[in-house]
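Listed next as structure tokens is one chain, alone, in the form predicted on its own.
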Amino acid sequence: MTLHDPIIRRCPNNPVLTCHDVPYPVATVHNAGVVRHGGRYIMLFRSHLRNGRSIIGRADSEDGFSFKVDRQPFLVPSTDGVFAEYEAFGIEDLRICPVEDSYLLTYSAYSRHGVRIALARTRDFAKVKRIALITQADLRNVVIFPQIFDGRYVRLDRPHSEISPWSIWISYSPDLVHWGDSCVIIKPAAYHWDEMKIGPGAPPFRTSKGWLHIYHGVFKTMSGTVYRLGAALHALDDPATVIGVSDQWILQPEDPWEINGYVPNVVFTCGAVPENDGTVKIYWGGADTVMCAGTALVDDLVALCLTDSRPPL
């Protein structure tokens, strides 16, 4: 990578998915979790219905760039029990977290009570079982590490707080339902590209140097906010230890569909898929309207965290 090369190389066919690709009526396609399963790439994307509330759709791909959408939504707000009450206003921004022999799905559940994180599980993306509501309001952007540490699951999350402005926290659970021992591990940096707020993006994945985590950061300007992506590296044996946080962003809104849309000037990731050739496919919503994709070298992202790092706190 030279000084002027982009860190993330955008797919030339961006956007890779839009509302026009969906065989049922939606206004947007964005903020998708993506995983490779059974030799295919599975994308679980958020869409606004035409009443303004959100559901989750599914699209499949052979190559990770050309996706075909299922004829029916993948996940819609529950109509049963406690989930019905807390998902009444829609479900959003799903992450796919591979853990042991299944996939844990974390998503934002909206209702008159605010936003909470719901947790579900699937093994085959055909059947989904809701497990629990795992946070109180107002908390979002939960990603779960793909490894159990000393008998406990570990997650990154982002409470809504102006006291410790929109920072990344870590929490632990013995059973995926009860979470605690929480502490803040990365905070926004003053007068920095992510100074307003940060939050977990794609679920972390393992590299030889640490767990690589692609997160989002927000900067407030005179004409509104700008959402960009950054990278952080967590220790392999203790993800609460942050080895480094890249001082520079790795992606910012540049293409027309990232600058203009439902929410202008946004690139927002919920999914990244590491490949055997040392690259990673990164997926992001553009302006909360379309889905985009790109690739990066894992070593380049790790190097930014190690050699061009800012303090995490």
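Please read these numbers as outputs of a predicted model, since none were measured by experiment. Residue numbers run from 1 along the displayed sequence.
There is another form of the same protein, the form predicted in complex with beta-D-mannopyranose; it is not shown, and what comes next is about it.
S.K.: Given that the partner is absent here, state which listed stretch (274-282, 241-249, 258-266, 64-72) has heavy atoms within 4.5 Å of beta-D-mannopyranose in the predicted complex.
M.R.: Single hit among the candidates: 258-266.
S.K.: I'd like to know whether residue 107 contacts beta-D-mannopyranose in the predicted complex, with contact meaning heavy atoms within 4.5 angstroms.
M.R.: Result no; residue 107 lies far from beta-D-mannopyranose in the predicted complex.
S.K.: Mark residue 288 yes when one of its heavy atoms lies within 4.5 Å of a heavy atom of beta-D-mannopyranose in the predicted complex, and no otherwise.
M.R.: Residue 288: contacts beta-D-mannopyranose in the predicted complex.
S.K.: Would residue 197 count as a contact of beta-D-mannopyranose in the predicted complex, using a 4.5 angstroms cut-off between non-hydrogen atoms?
M.R.: Although beta-D-mannopyranose is absent here, residue 197 would touch it in the predicted complex, with heavy atoms inside 4.5 Å.
S.K.: Can you tell me whether residue 157 touches beta-D-mannopyranose? I mean in the predicted complex, with a 4.5 angstroms heavy atom cut-off.
M.R.: Looking in the predicted complex, residue contacts with beta-D-mannopyranose do not include residue 157, since no heavy atom lies within 4.5 Å.
S.K.: Where, within 201-234, is there a heavy atom within 4.5 Å of beta-D-mannopyranose in the predicted complex? Residue list please.
M.R.: Counting only heavy atoms within 4.5 Å of beta-D-mannopyranose in the predicted complex, the single contacting residue of 201-234 is 227.
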